[in-house]
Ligand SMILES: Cc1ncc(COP(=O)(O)O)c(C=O)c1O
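Take a look at this single chain in structure tokens; it is the form predicted alone.
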């Protein structure tokens, strides 16, 4: 990023010629207009609190306090924090689960249709596209279903901002008819950490975007961040950027073939998916080694840092900055790890499916109620007062206002015993939870 050499000069504030993010009329407005034109948005907004902030603003635009949002249940915790801040009620739609591969898959349009028909009070639907593993749903059909029932479609495309720039990847959310789209430019494009974009389509009022930005954004926005986003988008849209992305896709396809040829490894391929896969996300597993252990071995013994891992899979994320040497080093390391693990006993693992939740009261009400701390083992039948989130990948298993059940207790206990950290577990040995009094 050559422009970072001028970081001290760029790190300015609202003054003559620098415009104002919360009321853009000059340079910032020109930049946002150019970005909106590239992505095909009605209007775009720099979001400088990451996609967490974008999600808060998206919900605020789409719903009034007390209204209902239909949420894909394997959404990031920021979706649920946004529901607390915006005081909205939630209903859930669950993705399909592949019991053979132990992976959460796509959202079926029919499942959303059934929810909208059963609950006419739902004003908006929020889905993840692609999900953390790179799996996509039939988003164009989901948009049709939402609009036929008068609901807005919000898409958490935090991990998919790059897909717009290649026909070899699934179509972008805006091109599929989404109304509000959240993108983490820092995740899959070359921009600084904490940078994000928020786009709206024709069904959303521009004034609503301005109001949300003024409410949730800082009055001292980082010009470094805004410059970083602009440069990343212009690079990806350039001939050089598109060629680099095309070269990356060639590299990851070769990587898939090489890993598939290694004994005892399995890697997720587009042919395994019904609706498509973000090929830049490399999801693989070894039959005798958990993903979490594989990630640790690669880091501590081979100096290779992966994006994430869970009980089954490890995830490497390819970017336009990766080289062929990077992929070769990973393949060689996986081969050595695989040879060492070949004669190890297979590990006992927990199903990665989502246990259906029972909502006793809205999350924003539960969040503010008085709580007490008790052992998880004795919490069956109690209403949760805090999110319980296995990390990775940051998808809550239990949310405030949901009833804790024996299957949920067993799942959380199994995850802890297999070395997965549960954010929200407290007390001695992280064995306690907060519940409502």
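Only a predicted model underlies this, so the values are computations on that prediction, with no experimental measurement involved. Numbering follows the first chain given and starts at 1.
The form predicted together with the named molecule exists for this protein as well; it is not shown, and the discussion that follows is about that form.
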property: Contact test in the predicted bound form: residue 51 vs the named molecule, heavy atoms, 4.5 Å; result: yes
property: Exercise: residue 58 in contact with the named molecule in the predicted bound form, heavy atom 4.5 Å; result: no
property: 4.5 Å heavy atom contact, residue 78 and the named molecule in the predicted bound form; result: yes
property: Contact label in the predicted bound form: residue 278 to the named molecule, heavy atom within 4.5 Å; result: no
property: Contact test, all of 364, 399 and 403, partner the named molecule in the predicted bound form, heavy atom 4.5 Å; result: no
property: Contacting member of 189, 153, 283, 158, with respect to the named molecule in the predicted bound form [4.5 Å, heavy atom]; result: 158
property: Option touching the named molecule, based on a heavy atom within 4.5 Å in the predicted bound form, out of 350, 108, 290, 184; result: 184
property: Interface stretch in the predicted bound form with the named molecule - options 42 to 50, 367 to 375, 24 to 32, 59 to 67, non-hydrogen atom within 4.5 Å; result: 42 to 50
property: Partner contacts for 114 to 144, taking the named molecule in the predicted bound form and a 4.5 Å heavy atom cut-off; result: 128, 132
